[in-house]
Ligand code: ADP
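In the block that follows, a single chain appears as structure tokens, in the form predicted on its own.
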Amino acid sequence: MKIVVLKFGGTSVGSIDKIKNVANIIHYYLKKKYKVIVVSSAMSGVTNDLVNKSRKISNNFCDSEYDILVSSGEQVACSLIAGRLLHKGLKSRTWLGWQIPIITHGPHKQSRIIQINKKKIMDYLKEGGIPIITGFQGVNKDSRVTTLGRGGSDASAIMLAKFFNAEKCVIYTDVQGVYTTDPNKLSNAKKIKEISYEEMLEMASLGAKVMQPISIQDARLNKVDIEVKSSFVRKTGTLITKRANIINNKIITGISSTQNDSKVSLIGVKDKPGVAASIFRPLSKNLINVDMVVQNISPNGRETDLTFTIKSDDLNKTKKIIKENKSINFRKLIFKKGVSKISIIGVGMITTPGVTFRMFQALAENRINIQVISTSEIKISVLIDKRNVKKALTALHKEFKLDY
């Protein structure tokens, strides 16, 4: 049985006309002799509206009731898709997570799929039916509805593709695929034909909004290839797959940039074991995400300068926490807003010498000063002034031949 899993995001099902278009896409795959499993998000804006309602009801809305509430959005979208397919003379029905069932484990609001009962869906496919499955949800061992957190509908599609051994898993969204950089920031950005799980994971973690990192990790761990494409334009998208499947002569695959970052520097910290933990522990407890971290030890080994980045929204809270932290001593505290992180990503840099030099040289030639540097096996990130982001993207895009 040739199975394809099609997942439609909120923008793809955001109106009645868009849902009619989704039904046409599904019909196209049927004509190609696929057995089609459909996964849908809620219509765009619906989940946010439900969350806002929960906040108006209570400042501490119960997590299990939250899952019941927000999972209803997917039910509406799926019913409308099934209704349109029935209108076209096709056999279809909605399946909620608990009806299959899709078994999850973990806390409410962020559960993970551990098992999918295949029998009912397989029987329905054999009968010529098109199951429209609510994304973002499942059921736990206590028979309570659970949700999967941000990107949950993508996770649903990926796990369905795994359990049903689908030939394809296609994520339909409002963009044509993954780009070398944000096309809203750089008009020269090009659509990437193929990208590895690792590269996509880095790009998503660094701000690319095509998919959530946790869904990409699910695909990587379960060896599920994903095609990301637009539901509004009939063009090929971007294939996310393992490195071995990619023939690529590019050293760098993509460039990401962040916005709304701030830099925090503690100068002259009395150096002793556990000092870094003392600084970051209270930030962690207050849900402040720390990103780039650089530490410099003084020549006498008694002091250290520690620099890290956070989101600017957390700056005032961070100031207060550090100033009230009696377990650390330092001579000076410096905060700087208006900085951005620029990252080049590519598995090609593993075997290619000189990538770091080329990045730094390209920025230097454009008079862009580097404030902080961090690296991983397939990523180099630098912190620069926010006003230089477009100039940096343009220079690096050209340097690593991503313009063509």
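Residue numbers run from 1 along the displayed sequence. Just so we're on the same page, rigid core means the largest C-alpha set that superposes within 1.5 Å between forms. Note that the coordinates shown come from a computational prediction; the quantities given were computed from them, not determined experimentally.
One more form of this protein exists, namely the form predicted together with this ligand; it is left out here, but the text below deals with it.
Query raised in the report: Of these, 109-117, 181-189, 267-275, 93-101, which stretch puts a heavy atom within 4.5 angstroms of this ligand in the predicted complex?
Result: This holds for exactly one stretch, 181-189.
Report task. Find the only residue in 234, 209, 323, 302 having a heavy atom within 4.5 Å of this ligand in the predicted complex. Result -> Contact check passes for 209.
Query raised in the report: Of 314, 198, 174, 225, which residue is found within 4.5 angstroms of this ligand in the predicted complex when only non-hydrogen atoms are counted?
Result: Checking each option against this ligand in the predicted complex, the one that comes within 4.5 Å is 174.
Query - Distance check, residue 11 to this ligand in the predicted complex, heavy atom within 4.5 Å - result: Yes, residue 11 sits close enough to this ligand in the predicted complex that at least one of its heavy atoms falls within 4.5 Å.
Query - 4.5 Å heavy atom contact, residue 203 to this ligand in the predicted complex - result: Yes, residue 203 lies within 4.5 Å of this ligand in the predicted complex.
Query raised in the report: Taking this ligand in the predicted complex, which residues along 325-340 bring a heavy atom to within 4.5 Å of it?
Result: Result: empty, none.
Query - Displaced residue check between this form and the one not shown: residue 185, CA, 2 Å or over, core reference - result: Comparing forms between this form and the one not shown, the residue 185 CA shifts at least 2 Å.
Report task. Align both forms on the core first, then report whether residue 343 has a C-alpha shift of 2 Å or more between this form and the one not shown. Result -> Residue 343: C-alpha displaced by 2 Å or more between this form and the one not shown.
Query raised in the report: Under a superposition restricted to the rigid core, does residue 393 display a Cα displacement of 2 angstroms or more between this form and the one not shown?
Result: Where the cores coincide, residue 393 still shows a C-alpha shift between this form and the one not shown that is 2 Å or more.
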